[in-house]
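Take a look at this single chain, the form predicted alone, given in structure tokens.
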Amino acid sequence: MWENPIFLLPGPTQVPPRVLRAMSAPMVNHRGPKFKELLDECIPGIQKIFQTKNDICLLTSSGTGGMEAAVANFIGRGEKAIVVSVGSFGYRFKAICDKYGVEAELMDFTWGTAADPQKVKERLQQDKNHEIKAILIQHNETSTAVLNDIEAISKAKGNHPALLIVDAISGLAAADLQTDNWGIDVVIAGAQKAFMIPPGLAMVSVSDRAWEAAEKINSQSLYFDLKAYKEFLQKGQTPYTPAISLVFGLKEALNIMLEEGLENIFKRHILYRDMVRQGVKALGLDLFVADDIASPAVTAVKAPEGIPAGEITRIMREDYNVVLAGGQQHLKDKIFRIGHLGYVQPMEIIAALAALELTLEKLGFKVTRGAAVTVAEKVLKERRD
């Protein structure tokens, strides 16, 4: 019966009506002047969100395509890299490296904790001959709701020549990421997160140092050969047929984001994070990660003892039309995740917390009805006053 759920996933996220309308524009020739004009408008906006002057490659792919492009173009077969992992998507970086013959060392931190910059520093100090060519890390680990301190990781790298490659697919424009100021060589973002458009576009920023590395590598990928994207961008094109409707949507999403301003976007996501976290605590539930490393994009909540997380997300969806995410891999049925990034309104969070109260009560977990809503409203009022 309900057509419009309260959609609180960590991706894909809700799409603003302005973006939906923009995506209904008539098709244009992707080799013609109209598409060039479109790209010429989008690229500077993307650079502002990335906080960079570096080149931007726009790929028609999921975020994983952007991750694969980063490995294929900047790390050669047989070269060494470090994958700093705090969850499922760190393992994905490792799997991509394995496919491309990169000798990737996994620095695996306990799920629910953040990467330790000191341990990264110590490992790089051991690399006297600079055999490590790249460090790969997630900005925001979606599977665990952990925000890594990328600035601290960059400082820990120091003068080591390894490229710093950051998967910011779910974190960019939800949390601060200063590509140029923090010396990040490659940053990957996805359309379906804080950019608020449907899945299908990945954006990759590339520094001069990264392009220098790419010149020494014979990319093993045709579609993800970023040198081709750089070359075609000079003509206002992509080397292969792009998702034109999504690019129309991207243009409008960038307009919305730049109208709000990055600082306000960051503050809004912090507000949503705190509303959710304080509300969940008021119900007597345990959060999966500590406050100081908590993601502003998604919150992971431990399911109560004896209640599978899958039952919570099922009842939320079927009875109250609230869509949440479950846990991944060994966290399946142990946590559920509440996404709060992109086109989310405060009252949707309050409604979701009310539904969570009812769901837990139905499953036999004792709650004080109204507790989560009251606390979330208090956080909202304090920030708005």
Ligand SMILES: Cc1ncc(COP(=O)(O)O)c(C=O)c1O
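All residue numbers are counted from 1 along the displayed sequence. These figures come from a predicted structure and were not determined experimentally.
Keep in mind that the form predicted in complex with this ligand is not shown, yet the notes after this line are about it.
Chemist: Which one of Arg92, Lys121, His160, Lys133 is close to this ligand in the predicted complex, taking close to mean a heavy atom within 4.5 Å?
Modeler: It is Arg92.
Chemist: Counting only non-hydrogen atoms, choose the one of 188 to 196, 99 to 107, 123 to 131, 72 to 80 that falls within 4.5 Å of this ligand in the predicted complex.
Modeler: Of the options, only 188 to 196 has residues within 4.5 Å of the partner.
Chemist: Using 4.5 Å between non-hydrogen atoms, is Gly342 touching this ligand in the predicted complex?
Modeler: No, no contact at 4.5 Å.
Chemist: With heavy atoms only and a cut-off of 4.5 Å, decide whether Thr64 touches this ligand in the predicted complex.
Modeler: Close contact exists here: in the predicted complex, Thr64 approaches this ligand to within 4.5 Å, heavy atoms only.
Chemist: Heavy atoms within 4.5 Å of this ligand in the predicted complex: does Gln138 have any?
Modeler: Within the cut-off, so yes.
Chemist: Is there a heavy atom of Ser170 lying 4.5 Å or less from a heavy atom of this ligand in the predicted complex?
Modeler: Contact check for Ser170: yes, within 4.5 Å of this ligand in the predicted complex.
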